[in-house]
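First comes one chain, alone, set out as structure tokens in the form predicted on its own.
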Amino acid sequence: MQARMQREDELEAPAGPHSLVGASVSKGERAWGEAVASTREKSPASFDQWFSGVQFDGLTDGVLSLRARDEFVRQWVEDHFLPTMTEQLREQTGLSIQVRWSIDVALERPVANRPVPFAPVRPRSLSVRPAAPGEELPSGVHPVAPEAGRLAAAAPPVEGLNPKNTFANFVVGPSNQLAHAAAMAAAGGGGRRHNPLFICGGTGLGKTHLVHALAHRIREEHPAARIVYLSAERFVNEFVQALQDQRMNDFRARYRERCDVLLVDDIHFLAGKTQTQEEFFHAFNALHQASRQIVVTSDKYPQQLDKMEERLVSRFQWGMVADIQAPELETRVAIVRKKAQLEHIELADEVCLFVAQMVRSNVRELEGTLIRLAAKASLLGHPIDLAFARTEIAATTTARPTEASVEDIQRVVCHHFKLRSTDLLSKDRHKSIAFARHVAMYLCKQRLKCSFPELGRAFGNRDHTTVISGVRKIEHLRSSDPEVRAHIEALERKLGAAD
């Protein structure tokens, strides 16, 4: 009993923000310090950035007590550092380690020392804090002027951002909520921050809007953050120009050293450009190792990028891949209303609904239709009522009335697989029926550009995630299974003849 009490005393560490340094430390504190030092060696910049928001409160009988400044810091440290550290503590102490967390907003520090994902990397010191008057700081603690951060000049403006593309102006729906949440987290808005963030989706669905919104949010909260936003095409052009002008050192410094956040639109433009991919690969590695946020957009998933180096594709999948699909009807109505509000256009609810029903392909076309209606109405001095909207949209719409409907595709699929139309809408999960149902969903998605929630409703009120799974399954089988490919091509010929 006495030996156990002695061990507990040895393992209990005194609380305090600088318990890792000092002349006298307990066994538990030493074990923690060794685990900290070992983990920090692997990634000093990332470690310093996140652990400055964490305080060690003690290690008693296998219970490791830690405090975090907020839930975001706790989650990141728990995911990226603690598994390795707790294993080291177990080996050193012979105890099974359990972590007890608490959140303490009082750990918030002056601006000069507050760890943010977008601040320049600090020197490799274990702790950084301002010194009190006449205080002699322990080894490893470096004094910092309290006002240093407040006097830091703001970074230059970010080129190419649309001031209207903010999170406040982005309409969230089932088709884009994952990408929106991931972008918010990447901007420091809470939640797990994924790095890199890869946003993919078709043209005009809001990828660029989210990237701009992310940049605006970071600029608001961290004016000194060095944000680089550009298209992949511009990256290629700058690389070629740097080669011609023999300024590769400046080019590399811009993307590897003088950058806290890198935002690249249309990364698929790098396909086939071997030298540029090589340069982007090294820039990506430098930023990622320094825990600098990277966000890229593409019209395809990473694994679908043709002529892209495998090592780049692999890195794009390290973090979060968030897709954006065509918006469902409710979201399209909300987008029309938001756009009308921003442009000060008076629009009745019935007109909003009609425009949303007629334009289904993407957000850009939806907004363009609304602007055309407003411009024509202004020139003619005519209100935008339902009759006016019907006439104008009909005049600019292509031969969409003859396009096959969801019901037409379902009927053709049922005839091809010799099923009843009710089978596709039923809950029957028999292999043959489920396969035909997935094929019908895939064809509807490809030909009609319906949103996943709309297809879910059209196929027996299924959840949109079920539709996503079915469509992706057929996409994979079409490229890998000749029999499936033959079925789909036969159906496409039948639908083409029907059109």
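All of these numbers come straight from a predicted model, not from anything done at the bench. Note that residue numbering begins at 1 and tracks the sequence as displayed.
From this point on, the text means the form predicted in complex with adenosine-5'-diphosphate (ADP), which you will not see here.
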Partner-free chain; cross-checking adenosine-5'-diphosphate (ADP) in the predicted complex, the single residue of Phe170, Trp76, Phe284, Phe235 with a heavy atom within 4.5 Å is Phe170
Looking at Leu205, Met184, Ala389, Leu262, which has any heavy atom no more than 4.5 Å from adenosine-5'-diphosphate (ADP) in the predicted complex? Leu205
Which among 419-427, 348-356, 300-308, 363-371 is in contact with adenosine-5'-diphosphate (ADP) in the predicted complex, heavy atoms within 4.5 angstroms? 363-371
With the cut-off set at 4.5 Å between non-hydrogen atoms, does Asn165 touch adenosine-5'-diphosphate (ADP) in the predicted complex? yes
Test of understanding: in the predicted complex, would Met320 fall inside 4.5 Å of adenosine-5'-diphosphate (ADP) by heavy atoms? no
Check whether His209 has any heavy atom within 4.5 Å of a heavy atom of adenosine-5'-diphosphate (ADP) in the predicted complex, and answer yes or no. yes
Partner proximity in the predicted complex: Asn176 to adenosine-5'-diphosphate (ADP), non-hydrogen atom cutoff 4.5 Å: yes
With the partner left out here, which residues of 332-360 have a non-hydrogen atom within 4.5 Å of adenosine-5'-diphosphate (ADP) in the predicted complex? Ile335, Lys339
